[in-house]
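One chain comes next, on its own, written as structure tokens: the form predicted alone.
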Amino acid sequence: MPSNHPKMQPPADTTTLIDGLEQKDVVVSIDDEGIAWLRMNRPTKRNAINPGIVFEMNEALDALELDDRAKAIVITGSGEAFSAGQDLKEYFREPDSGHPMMRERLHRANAAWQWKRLMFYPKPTIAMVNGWCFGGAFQVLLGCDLAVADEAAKFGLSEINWGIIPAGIVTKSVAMALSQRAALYYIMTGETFDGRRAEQIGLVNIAVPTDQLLERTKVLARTLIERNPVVLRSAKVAYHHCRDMGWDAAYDYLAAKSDQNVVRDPEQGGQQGMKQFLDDKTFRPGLGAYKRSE
């Protein structure tokens, strides 16, 4: 179902990712700037995550990884919600009453795209939170590298109100992203909060008024696209590994990762940056990125 919310329509100059790709619960498009838009597309259900979204997201991420037109990925929701979390009927009740392996397969596929895949995805990812973001949607939000939110968006970990806990891997990701006080407050009270508060506690990077959301997200995506893609990928992978390492292990790992970039980076970004700074006097690291060759 198409969105009736004008600000959430994909940019006018877009192309279908793959001719004949049958996507219903996820809409995929790539604009002429190289931004790939992944929209959860169940607006009448506030984009509650059902098996359709789970399997279609895995398929779409697989395809985008190999599509050179897609330089950065933005995940958002159709209509007036990012996602209300897991669909209680289609994700829980119906699979729980069926074959045990089907339930396991669904949960495995959900984990695959929401954190195992997104956290280490080879292209930069941004969550654009345009409305409701509840429960299981927190993992989608926190699985993305960066996040921009509508100041009026509504967030909540409402599981305590249902008599359950934020399961899946939600509690883990919230504990990693927020301070103990903020995480426990919203986990234990189930209270909702807006995009401004989400920015204050570090759940999102940027919160802007509704009419600025799309453009601010595009500005951030353009910034990431301008960076060296090999080094960008290595930097985020290194972060995720190092935060769970001891100091000595992290030192050795980062040295090896830096050496790996020298071999893998066709641009030889480190050498280019050094040359433009020391020899050409055309580059100031604190004021932007080095000039990449076309």
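Model, not experiment: these values are computed from the prediction. In this text, residue numbers run from 1 along the sequence as written.
The form predicted together with acetyl coenzyme *A is left out here; the points below concern that form.
Colleague: Counting only non-hydrogen atoms, which stretch in 177 to 185, 79 to 87, 213 to 221, 115 to 123 is within 4.5 Å of acetyl coenzyme *A in the predicted bound form?
Modeller: Contact criterion met by 79 to 87 only.
Colleague: May I ask you to check whether E199 falls inside a 4.5 Å heavy atom distance of acetyl coenzyme *A in the predicted bound form?
Modeller: So E199 does not count as contacting acetyl coenzyme *A.
Colleague: Can you tell me whether K45 touches acetyl coenzyme *A? I mean in the predicted bound form, with a 4.5 angstroms heavy atom cut-off.
Modeller: Residue-level check for K45: yes, a contact with acetyl coenzyme *A.
Colleague: Does acetyl coenzyme *A come within 4.5 Å of any heavy atom of T171 in the predicted bound form?
Modeller: Outside the cut-off, so no.
Colleague: Please check if E159 has a heavy atom lying within 4.5 Å of any heavy atom of acetyl coenzyme *A in the predicted bound form.
Modeller: Heavy-atom contact with acetyl coenzyme *A at 4.5 Å: present for E159.
Colleague: Could you list the residues in 112 to 136 that come within 4.5 Å of acetyl coenzyme *A in the predicted bound form, counting only heavy atoms and keeping sequence order?
Modeller: Heavy-atom contacts to acetyl coenzyme *A in the predicted bound form: W132, F134, G135, G136.
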